[in-house]
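Take a look at this single chain in structure tokens; it is the form predicted alone.
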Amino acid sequence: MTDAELSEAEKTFILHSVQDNFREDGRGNEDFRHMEVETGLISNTNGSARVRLANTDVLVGVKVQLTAVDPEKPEVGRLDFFIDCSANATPAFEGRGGEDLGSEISAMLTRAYSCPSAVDFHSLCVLPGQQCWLLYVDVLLLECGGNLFDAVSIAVKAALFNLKIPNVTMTKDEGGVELDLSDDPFDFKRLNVAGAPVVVTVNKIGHKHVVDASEKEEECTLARIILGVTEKGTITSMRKEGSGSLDSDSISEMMESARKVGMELNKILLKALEEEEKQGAKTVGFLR
């Protein structure tokens, strides 16, 4: 999704800079832009996070709800993603303009988190065969500055890291099992997101490829692959976009770059989230 309109001279400049591994903003081809991550911003959610990646701004809130288990998977919890493309992010989202993009991002996240090692879904099962936790992950795109898939996935992982799930007490009586949710704000459990993937988008520009493409670089991209990558380098999902073709060697090189960048991104993100948590609650963020 880009509103950038470039002249042929600008496109040529970007193309040459990528071939020289020195992009227009000074980055190398496998470098991310500066990123800001905040958690615990929305008080009426169980977990939340905001990510600002250059001009891309994403807000995520997670709410939990007890629900009946899926009959086909009676011993695991569930994740449900919803993407709201705000019309303030870009004029292209006015009306129903962002629905297709929202569906694509939601589908990509669903596939990325469908890997059994991504999240311990068994820990979300409260009463096997009957009740489990359903996590509603609501994503709001506040501003679009390129690389939306990656920014959204980082915000989702940060919000799940911040998630606080109320502890449940089970009481047996003649009518069955009664579930009581704790209303103590300090009586909760956390979700282990160490294995949760982040999405890495690799854009093919000329004969080279780049990660974390800006809007201008996306305008010069004929093909790209989007991959979900865990901290151990496992690829949990993959899709190809664009009208351009990719040969097998290019795909292999792009996948290897995605694995390398994804592993490092997971490592840095978790470290930053753990450090933020150790610092304790602070009055930061525009929703405090």
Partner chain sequence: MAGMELLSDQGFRMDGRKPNELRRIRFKKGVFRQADGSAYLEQGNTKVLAAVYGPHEIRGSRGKALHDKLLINCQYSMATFSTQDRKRRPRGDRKAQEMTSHLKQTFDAVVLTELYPKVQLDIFVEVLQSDGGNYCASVNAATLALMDAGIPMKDYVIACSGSHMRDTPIVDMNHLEESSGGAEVIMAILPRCDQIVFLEMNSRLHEDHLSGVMDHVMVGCKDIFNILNQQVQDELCQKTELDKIVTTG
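This one's a predicted model, so the numbers in the text were calculated from it and none came from an experiment. Numbering follows the first chain given and starts at 1.
Absent from the display: the form predicted together with the partner chain. The rest refers to it.
Residue-level contacts in the model of the complex: of Leu79, Val126, Ala89, Ala118, one residue has a heavy atom within 4.5 Å of the partner chain, and it is Ala89. Only one of the listed residues (Ile205, Ala213, Cys85, Val198) places a non-hydrogen atom within 4.5 angstroms of the partner chain in the model of the complex, and that residue is Cys85. Between 186-194, 155-163, 141-149, 168-176, the stretch whose residues reach within 4.5 angstroms of the partner chain in the model of the complex through a non-hydrogen atom is 141-149. Proximity of Thr67 to the partner chain in the model of the complex: non-hydrogen atoms within 4.5 Å are absent; the residue sits far from the partner. Under a 4.5 angstroms non-hydrogen atom cutoff, the partner chain in the model of the complex has Gly61 among its neighbouring residues. Taking non-hydrogen atoms only, Ile42 approaches the partner chain to within 4.5 angstroms in the model of the complex. Contact check for Glu231: no non-hydrogen atom falls within 4.5 Å of the partner chain in the model of the complex.
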